[in-house]
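One chain is shown next in structure tokens, namely the form predicted on its own.
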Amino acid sequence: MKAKANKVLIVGASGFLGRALMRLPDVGLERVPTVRHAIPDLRGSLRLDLTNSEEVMAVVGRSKPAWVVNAAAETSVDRCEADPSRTRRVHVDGTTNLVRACEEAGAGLITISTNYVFDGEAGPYGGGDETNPLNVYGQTKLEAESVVLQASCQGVVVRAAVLYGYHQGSRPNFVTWSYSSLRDGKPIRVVTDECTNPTHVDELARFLLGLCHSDFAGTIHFAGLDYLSRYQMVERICDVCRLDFSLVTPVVSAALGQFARRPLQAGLRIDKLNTMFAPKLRSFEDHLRDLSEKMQS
């Protein structure tokens, strides 16, 4: 039995990006969510432990999707640094399991990578620039990229950076944490020397599902229009959402004592994206206005 041309298996559907992929209005695709643990609000979801090769092969084989989108990841950079073996099982072994299953099923595979594959010395970076991750998170994501790009199935690596957005019930991200803290009058410390392109999760999700209608293979960057430091991001949050910027204390990254090193200038250039797909991206401020309205309702 052949793969169903419009069926997409969403791996990690209970996560921030996974939920965005499932939430988007009709995009001409039948989306099947997979989760490691049962989630009541994700009806029809399939149980899938990415690190179990036999289970991955069975679920992909039974589902017969045309595409698999791998949105599963260990997203805590410090937790990755503290437990590299577990991180490698999820990022590298899990991706390897998906590649083998997709090769067997004749499905394409899209996996999400990160700007943390770069060392942040000379960003923003293009897709062909030299990689040099500073931490376990970035290193294992880079190894997973290699697995996908060497696959015999149609493989796509999409690098993104600093996902943000708001939907009721979704876990906090840097933008919603900053907004909520300042709205509640809580002082926060924010780094001035980490710069990147904040990427709206819904725009990324729409792009990923659009790839399922294309014949693209290889690596591509997807990121927001604005290249900002974390401090500048919060400055704009305060301006757009009318919050008290005096509650924000500027610090450098090294002062936070984080377990894993972070790349400082690790933005992503999206020249290739603009040339090939011409997405209609909105500015950071536009998204902040929507976010503010949603979080106040």
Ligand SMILES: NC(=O)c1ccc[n+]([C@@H]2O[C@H](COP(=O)([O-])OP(=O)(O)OC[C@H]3O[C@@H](n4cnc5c(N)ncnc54)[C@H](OP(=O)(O)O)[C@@H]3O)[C@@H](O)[C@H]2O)c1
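Fair warning: this is a prediction, and the values are worked out from it, not measured in the lab. Residue positions are given as counts along the sequence shown, with the first one as 1.
Separately, the form predicted together with this ligand exists; it is not shown, and the next lines address it.
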{"item": "Segment assignment from 126-134, 176-184, 149-157, 107-115: heavy atom within 4.5 Å of this ligand in the predicted complex", "value": "107-115"}
{"item": "Interface membership of H37, this ligand in the predicted complex, 4.5 Å heavy atom rule", "value": "yes"}
{"item": "Any non-hydrogen atom of T75 within 4.5 angstroms of this ligand in the predicted complex", "value": "yes"}
{"item": "Contact of H213 with this ligand in the predicted complex (heavy atom, 4.5 Å)", "value": "no"}
{"item": "Any non-hydrogen atom of V90 within 4.5 angstroms of this ligand in the predicted complex", "value": "yes"}
{"item": "Of A101, V162, L142, L209, the one that lies within 4.5 Å of this ligand in the predicted complex (heavy atoms)", "value": "V162"}
{"item": "S63, T51, Q232, Q265 - the one with a heavy atom within 4.5 Å of this ligand in the predicted complex", "value": "T51"}
{"item": "Residues of stretch 249-271 in contact with this ligand in the predicted complex (4.5 Å, non-hydrogen atom)", "value": "none"}
